[in-house]
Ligand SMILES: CC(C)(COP(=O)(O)OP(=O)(O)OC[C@H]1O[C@@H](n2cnc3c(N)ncnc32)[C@H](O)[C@@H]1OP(=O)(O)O)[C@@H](O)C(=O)NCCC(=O)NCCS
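Only one chain is shown below, in structure tokens, and it's the form predicted alone.
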């Protein structure tokens, strides 16, 4: 089996590839990937993505074979809730600045799934009081996802080290205010890693999540 999930009108996601042990190494997984790529292309999706663990080398080889590009290496960071200064909620007037700060992808749910973030996502999150900012002129911003058990989940985040560190510390206080145990998010660049370390976040898992994507060109006619 293999699943293709529609995550937006232009984006699709590969997941759930499984082959029974006695049927492996017969080209079945390869055929399933090829079929889903063709399905996505024929239905007009612009991009197809999937994620996998950094140590899953057979899937890395399959990605190269099918023309996918690795566009991200994400690692999880978490920190316990603690008392402190609470973060500042974003206002509707800050929508554009927030969108510029948090990067191009937003995490969906609680798993390893991302899609491109839109102004509508930010607008909706601000309306639901799920966006927090720090620093002058939105130096850093964070969009909260759905709560997972006793964890405050951050779905998208970004900004220079100093304001981002301040925001990450304040989010630990926000988790405490909500009577949650901790805060969790994925870092994807050096600034995020430095800010997370300075704010007391650590790695619960030594591996990384590799994000791959394949873009389709529009056919003439």
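Predicted model, so just to flag it, every value in this text is computed and none were measured. Positions refer to the first chain, counted from 1.
What follows is about the form predicted together with this ligand, which we do not show.
Undergrad: Report the stretch among 169-177, 184-192, 59-67, 155-163 that approaches this ligand in the predicted bound form to within 4.5 Å, counting heavy atoms only.
TA: Single hit among the candidates: 59-67.
Undergrad: Mind checking whether each of 100, 137 and 144 has a heavy atom within 4.5 Å of this ligand in the predicted bound form?
TA: The answer is no: none of the three residues contacts the partner (heavy atom, 4.5 Å cut-off).
Undergrad: Though only this chain appears here, would residue 198 touch this ligand in the predicted bound form if you measure heavy atom gaps against 4.5 Å?
TA: Result no; residue 198 lies far from this ligand in the predicted bound form.
Undergrad: Indicate whether residue 34 is a 4.5 Å heavy atom neighbour of this ligand in the predicted bound form.
TA: Output for residue 34 is no: heavy atoms all beyond 4.5 Å of this ligand.
Undergrad: Wondering, does residue 26 line up within 4.5 Å of this ligand in the predicted bound form on heavy atoms?
TA: Within the cut-off, so yes.
Undergrad: Even though the partner isn't displayed, in the predicted bound form is residue 54 close enough to this ligand, meaning a heavy atom within 4.5 Å?
TA: Residue 54: no contact with this ligand in the predicted bound form.
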